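Just one chain follows, in the form predicted alone, and it is written as structure tokens.
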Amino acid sequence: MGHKGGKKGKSGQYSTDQSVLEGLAGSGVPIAGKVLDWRQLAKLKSTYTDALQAAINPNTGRVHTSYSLVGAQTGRLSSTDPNLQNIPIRTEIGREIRKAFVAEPGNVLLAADYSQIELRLAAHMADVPALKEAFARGEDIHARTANEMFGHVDRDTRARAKTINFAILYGISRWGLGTRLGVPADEAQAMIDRYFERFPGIQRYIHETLESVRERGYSETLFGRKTWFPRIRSANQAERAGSERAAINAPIQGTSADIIKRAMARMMPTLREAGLGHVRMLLQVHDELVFELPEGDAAAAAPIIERVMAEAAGPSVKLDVPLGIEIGTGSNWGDAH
């Protein structure tokens, strides 16, 4: 069609990966947008609508997953056969897949989600007064960051602040952040510098965590669970950088994983004590627990579920920030959000 080629792959053919097509679509090439749409729909169909229907158990009429305690380095539960932790939620069409998960007649699904738990843990572990204060007041943390970073809050600066908040915790590079925000690497570096200037505790946390892991070979969650990084001193720069990024995030994401598992362990005994032993805990999806229960019991069960999740870190660990829980109910998983 006469369009200019971008980068080439190993075979010498021009790449048509997502970033290339997004660039073309952004410059007004209609076919690129259509190919991206087609790829998204084809993936949704093969990965979810076809595969999940094939996974339905003929005896129960339900899909059943298997969980592993040791499948993820950070300590999170991992789901297989089928994987129910990667059901889409970010795109509108992806969320339609969640609506296929329905409660039995007379029942509802209740989804209880830790709100921004990793940022809350970062505020505690890095001892960042501005973030701790914002969470204690129930402020919009991304708006607070946008105001600190850019001096004003609008839709664009809040979206950028949200990307930066999470990217910094994953040890992102200037090039990685630049790609995500669509800005040059130098501008991305200036944003990272400004972030550390406004929240010096985060930079100190990153520095101290890396020093500790290089010295000991492992990181620890707030509960003392270790994650080992044997390649943290690798001569291979890519291996070393990958280990460093993972090491920065491991104590935070690992503590988050510990907290939700503590909540799960306490959940059913607490519900039984309240006369709600018939409530079923169906799924754990990273920071979210999904329950099925009679519609009439949702009002009684919701505050108990919220309390167990909010108090799950104690008494072993006392956090400086409250753990926020968002709860929704609906006849299907999509509507429960």
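The term rigid core refers to the maximal set of C-alpha atoms that superpose within 1.5 Å between the two forms. Residues carry their position along the shown sequence, with the first being 1. Remember, predicted model here, so these are calculated numbers, not experimental data.
Keep in mind the form predicted together with the DNA is missing from the figure; the text below concerns it.
**Student:** Out of the stretches listed (25-33, 283-291, 303-311, 270-278), which one is close to the DNA in the predicted complex, meaning heavy atoms within 4.5 Å?
**Tutor:** It is the stretch 283-291.
**Student:** Which of these residues, 126, 191, 232, 87, gets a heavy atom within 4.5 Å of the DNA in the predicted complex?
**Tutor:** That would be 87.
**Student:** Which pick from 150, 223, 196, 175 sits with a heavy atom within 4.5 Å of the DNA in the predicted complex?
**Tutor:** The residue in contact is 175.
**Student:** Is it the case that 216, 315 and 318 all touch the DNA in the predicted complex, with a non-hydrogen atom of each within 4.5 angstroms?
**Tutor:** No, none of the three is in contact.
**Student:** Quick check on residue 46: any heavy atom within 4.5 Å of the DNA in the predicted complex?
**Tutor:** Yes.
**Student:** So in the predicted complex, is the DNA close enough to residue 145 to count as touching (4.5 Å, heavy atoms)?
**Tutor:** Residue 145: no, not in contact with the DNA in the predicted complex.
**Student:** Would residue 98 count as a contact of the DNA in the predicted complex, using a 4.5 angstroms cut-off between non-hydrogen atoms?
**Tutor:** Yes, residue 98 is a contact residue.
**Student:** Spell out, yes or no, whether the shortest heavy atom distance between residue 81 and the DNA in the predicted complex is within 4.5 Å.
**Tutor:** Yes.
**Student:** Let me know which residues along 162-185 have a heavy atom within 4.5 Å of the DNA in the predicted complex, or say none if there are none.
**Tutor:** Contacts from 162-185: 163, 167, 170, 171, 172, 173, 175, 176, 177, 179, 180.
**Student:** Could you tell me whether the Cα atom of residue 316 shifts by at least 2 Å between the shown form and the other one after core superposition?
**Tutor:** Result for residue 316: no, shift under 2 Å.
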